[in-house]
Structure formats: structure tokens, C-alpha cells
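Let's start with one chain on its own, the form predicted on its own, as C-alpha cells.
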């Protein structure tokens, strides 16, 4: 069984793939965001990392563009030039950034990608409006001239957004509960994170006219990859370094977020599980108590359970890639990207 310790890829190759797809997507994404109201366009550009709060240009590309990369690679599965998939790549990135703008407000996060979050700079109201504008724009960007392909792509995007919103509602509700099961958590993760990655991994193939079986296998691959991605995020949310994540260590524990390591640890039925539940129920946790809670999560098996989830989902994603007929270069790039996303430092 392949695991997240599998190093059968070259990080430089994955970086080159991400850079290629980001360069292909960025101009179209910039043009789309520039169509918004000037204040909202500024927030969108700032959030992407393209400019400072005063609009002065920043020499940076923004995030890694994982979702647009999946969209463009999925078009290459069909042996098609990625140009046809470009609107899909832009659309999924717009949805992703809509969700982050709103997430930062709801979670009270003050840092994103090592800089102040948009709501702390421009205010909550404008940040929420900017997120709304990006979501609306995502539905307008898909091409109208591809007949049923456009309709199918639009339907997939709409379903992904619906799942994402459901997952966010579930995630917020978990913060008020102490009885969240692993099954409930995994369903939330599938909705909140994996749905958009599933859409991203298949929307380009839809626009390119790939066979339905290949489209569905790509969607399945993206779903598993999204579950692995979220489990890694959960590990980083407790044990990730500030240099790597742009957030303080133990940040998720401070907010008492019911991430997979925490849910698994609380449900383990050990003495450490019970002590963890008691610790997290306290009104305020100081630095020593948060560190103590992280130790309890690990002692109760939460860290190992999350790592097993990463390994299992990575394996299933790679199996899906193996089942799809595609050019050898595209297969190597997809498999490398999957491993890269599951190998972020935890």
C-alpha cells in the first residue's frame, strides 16, 4: 500500500506543474476580478496576494493554484489543449477564494498566507461582499458555447458550492458540540473541502469532452484527494509551524475546532480522551493548557488516526489515477500533485 511516506515524485516537478498552470490561469483570473466594483476588485486582488492594501503591486503569484491546476490537468487527460478548460479553472479558483474570505471572517483568523486577512484590513462587511462577488462571478465565467458540456460543468460547480456551504455549516455547528463522531466529521470534510476538489479534478475534463467514465473517475480521485488534503490541514492546524502555515502553532485547538485528530482522540475511549474533553471544556486556555491539550490528542491516538486517513485517501486517489487512460506525462503530473498535497509537513 502506498502511503504519505511514499516519495515517488520530485518536488521540483510538482512545483513546475503548479507554476505552469498558475501562469496559464492568472491573467484570466485577474481580468475577471478586475470587472468587479473597484473596492471589491481591490479586496479580491489583495486577498490573492497580487497587491498591497493601497493597490500597489506585489511581485507574487498568490496561492499555489491547486484547484486550477487540477482543472487544467483534467482537460489534458482527454488529450485536449487546456485553453478549453481555462474558464473552469478560473471558476473553481473564484469559488475557493469566496470560501476563504468568508471562512476568515467566521473563524476570526487574522493572518492568511503570512499577511493580515482581508476582513482585518478592509472591514468585515466589505470582505463578505467581496466573497459574494467572487462566488457570483464564478457562475458567470463558464463558457456558453459548448452546449451540454457547459451545462454539465455549471451543474457540477453549483453542486460543489452547495456541498461546500453545507460543510461549513456542519463545521461551525461542531464547535458547539462535544459529541461529534468520526463519521460525522468525515462527512463534513467531504462536503466542505473535498467537494470543490472533486469538481476541480473533473470540470476541465467535462469542458474538454472526456468520456463520462473518465470524468467520474477524476471526480472520485478529487474527492479522495480532498479528504487527504483536509486531514493534512487538520494536522497542520495543531502541529504545523507558523512559518509553514502562516498561523500560530495550536491555532485550531485554541478555537476548539473539532478537527479529525481531536474528534478521533475524544472518541478513543481512553483516560487521555476524557482528560482532553475536560480540558477543552474550560472557558479559557492559556498557552500551557493548549500545549497540554495537544499532547493529549497525540496520546489518545488522534494524530496517528489523521495520518492513517491521509495514507488511505492518498492510496485511493492514486488508484483512481491508475484506472484512467491518459497521456503518461499527465498521469505523472496528477500522481505527483496528489503525493505533494499529502506530504505537506505534519
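Numbering follows the first chain given and starts at 1. Just so it is clear, the structure is predicted and the values come from calculations on it, not from any experiment.
The next section is about a form of this same protein that is not shown, the form predicted together with another copy of the chain.
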Requested in this report: Let me know the one among 84, 182, 128, 111 whose heavy atoms come within 4.5 Å of another copy of the chain in the predicted bound form, would you?
Outcome: 128
Query raised in the report: Of these, 249, 78, 219, 154, which has a heavy atom no more than 4.5 Å from another copy of the chain in the predicted bound form?
Result: 154
**Report entry** One stretch from 112 to 120, 201 to 209, 258 to 266, 129 to 137 that, in the predicted bound form, holds residues within 4.5 Å of another copy of the chain by heavy atom
**Finding:** 129 to 137
Query raised in the report: Are any of the heavy atoms in residue 169 no more than 4.5 Å from a heavy atom of another copy of the chain in the predicted bound form?
Result: yes
Query raised in the report: For residue 162, is any heavy atom within 4.5 Å of another copy of the chain in the predicted bound form, or not?
Result: yes
**Report entry** Non-hydrogen atom contact residue 271 with another copy of the chain in the predicted bound form at 4.5 angstroms
**Finding:** no
Query raised in the report: Heavy atom to heavy atom, is residue 229 within 4.5 Å of another copy of the chain in the predicted bound form?
Result: no
**Report entry** Site check 37, 98 and 102: each within 4.5 Å of another copy of the chain in the predicted bound form by heavy atom
**Finding:** yes
